[in-house]
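Next up, structure tokens for two forms of one chain, structure 1 and then structure 2.
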Structure 1
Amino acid sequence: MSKAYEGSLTTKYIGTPSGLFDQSDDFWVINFPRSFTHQHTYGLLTPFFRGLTEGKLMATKCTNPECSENSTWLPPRADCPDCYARTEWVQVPSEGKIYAYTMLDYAGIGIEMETPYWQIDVQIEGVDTIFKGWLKQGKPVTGMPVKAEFRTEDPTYTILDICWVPK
């Protein structure tokens, strides 16, 4: 252990000079680099993401007999917002109909699909919500039947492990 605290120090700058991004007589704009990785938990929703890697579409359903809604949620949620009961996992059909769509041409930085691509919102029988995804091939039309494909090989462990194709 260093005993530096007991004596005087000579200190070196060990950073990397950022450099000027822009300058004029009146102002300097410096570079201010940022690069981090967060460690993010899927918590109680982990069965959903694990399900994608196994080719299953898992939703949650409130089965509390006291609940006024008993909704089925996709994206899933572990706690029912209507009665606060813990929901239960149910496998839902990996097929549905296109409810809405857009073609994404200009995406934000870090986009993981080649642009342009079709982003679609899928209505699934028995599910109370509408599930956002991407169409791997074809051209969407409102009401068009689609079925899911799962990235079970070399999964990304993200929502991108499910996509849709025309049925």
Structure 2
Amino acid sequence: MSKAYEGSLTTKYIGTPSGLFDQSDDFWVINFPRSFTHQHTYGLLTPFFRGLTEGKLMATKCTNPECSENSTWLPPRADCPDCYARTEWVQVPSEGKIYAYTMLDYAGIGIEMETPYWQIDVQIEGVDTIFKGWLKQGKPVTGMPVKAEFRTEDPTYTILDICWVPK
């Protein structure tokens, strides 16, 4: 087994961007050109992926006044997991702090990233969940401030359209 890498890195996306197969105000269907072409719909979560291509971080919030939690979720949920009510879309800050991190030596099928890279969990003010992403450059430290960087030109239409950089 090799020794764990602990230095600073610069990482980049190395894949082929997906294309929009069909789009409407309500949903996107993308061509997912990986080992074979797969058409996949984001359904009710389309606003999240559209937001990434527009440089916005969109989350969902429960608005049911009788819900015991009234949480804000990122990644988003179409329905509240506590009261099952339909959620509404809210824009959340595109900066936060590193909550945890790990080094990835193998990205896995469909994640077209140069390896190794730092996978980070980001705590965002006003969001009740921890958002997972990747650090584009540098070495992570727990508590380190980071800001989102969006791939708005030539987007992949996937979660890889957002990464984090030190603030």
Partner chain sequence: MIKFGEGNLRVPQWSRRVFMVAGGCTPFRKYFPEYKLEELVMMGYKMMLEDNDLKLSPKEIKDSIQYAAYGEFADHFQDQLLCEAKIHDYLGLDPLWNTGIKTGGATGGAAMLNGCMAIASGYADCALVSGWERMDEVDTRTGNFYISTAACKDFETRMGRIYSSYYAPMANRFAEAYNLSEVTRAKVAVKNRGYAMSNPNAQQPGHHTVEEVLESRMSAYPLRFLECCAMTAGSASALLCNEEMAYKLSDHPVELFMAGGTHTLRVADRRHMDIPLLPNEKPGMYDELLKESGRWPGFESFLAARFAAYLAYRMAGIHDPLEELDLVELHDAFTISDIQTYGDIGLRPYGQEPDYIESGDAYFEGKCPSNLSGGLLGTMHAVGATGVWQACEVFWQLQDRYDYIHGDKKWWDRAGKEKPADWKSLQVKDPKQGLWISHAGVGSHVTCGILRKAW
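Each form is matched to the other, and the largest set of C-alpha atoms that superpose within 1.5 Å is called the rigid core. A quick note: this is a predicted structure, and the numbers were derived from the prediction, not measured. All residue numbers here follow the sequence of structure 1, with the first residue given the number 1.
Of the two forms shown, structure 2 is the one predicted on its own, while structure 1 is not. Shown in the overlay between structures 1 and 2, fitted on the rigid core, is a CA shift at residue 25 of 2 Å or greater. Here residue 16 counts as shifted, since its C-alpha moves by at least 2 Å between structures 1 and 2 after the core is aligned.
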